[in-house]
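What follows is a single chain, given as structure tokens, in the form predicted alone.
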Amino acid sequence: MAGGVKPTIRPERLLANLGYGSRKEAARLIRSGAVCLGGQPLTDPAKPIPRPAPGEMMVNGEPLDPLPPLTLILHKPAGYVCSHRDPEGGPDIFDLLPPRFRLRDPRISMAGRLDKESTGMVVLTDDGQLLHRVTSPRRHLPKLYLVEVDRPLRGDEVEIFASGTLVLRGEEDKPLKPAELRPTGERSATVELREGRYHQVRRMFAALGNHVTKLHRQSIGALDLGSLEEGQWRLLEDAERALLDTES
């Protein structure tokens, strides 16, 4: 900001945007003395305050949730859908996050989905520019998958996947871009893709007469899931966000 002036926001609006409730509910929370800034209780929900630094504002004795832009990675378990709501009434990945995250404005979106039975890294962000950079088909951001299949590998998968000529059923005029397959066992391999068609890894093996029994996404760009446990999530630091821009 010009002159070093920090932007301000009404605390009731700030809390509402972070999912703590409606503006009326946020105002009641502030008037109750449950919201502190710099160790001092706030009393006027409509009086603008400077944008708080991390840890500077407390709500019910807990640090305020992170302000936008927010980006996190989640280790998705099998059985969860990548959606804000499962139309069949089952669990979705937002059930693994604090309930308020579902209500944030701007909304948190998924930068690359996994199907219900697949596991591994899902990136969630409210940063529209980052979302575009991760999902844009023009960027060819690599995604690494660990795959187990029902039948032994034939032996020609490496060549076929790398050829750039494999065509998925129903897409006869659109051959796939080259993909890198590395066998890791008789019925297992890693697959690195640089595009993201619907159920692509499963359909690629199906085109060769095999069936994927387990599918796990380990990394996107240079960002790796690491030791993050299944069902757990963590916020990304700026340096880690930058890894999502690394194409190789």
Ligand code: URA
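Just so we're clear, the structure is a prediction, and the values are computed from it rather than from any experiment. The first residue of the sequence shown is number 1, and the count goes up from there.
One more form of this protein exists, namely the form predicted together with the named molecule; it is left out here, but the text below deals with it.
Q: Heavy atom to heavy atom, is H199 within 4.5 Å of the named molecule in the predicted bound form?
A: Contact check for H199: yes, within 4.5 Å of the named molecule in the predicted bound form.
Q: Would you check, heavy atoms only and a 4.5 Å threshold, whether I73 touches the named molecule in the predicted bound form?
A: Taking the distances in the predicted bound form, the answer for I73 is no, it never comes within 4.5 Å of the named molecule.
Q: Quick one: is R113 in contact with the named molecule in the predicted bound form, heavy atoms, 4.5 Å cut-off?
A: Answer yes; at least one heavy atom of R113 falls within 4.5 Å of the named molecule in the predicted bound form.
Q: Taking 4.5 angstroms as the cut-off for heavy atoms, does Y145 touch the named molecule in the predicted bound form?
A: Yes - in the predicted bound form, heavy atoms of Y145 and the named molecule come within 4.5 Å of each other.
Q: Pick from L215, V59, A189, A27: which has a non-hydrogen atom within 4.5 Å of the named molecule in the predicted bound form?
A: Exactly one listed residue reaches within 4.5 Å, namely L215.
Q: Which of these stretches, 47-55, 218-226, 201-209, 177-185, has heavy atoms within 4.5 Å of the named molecule in the predicted bound form?
A: Contact criterion met by 201-209 only.
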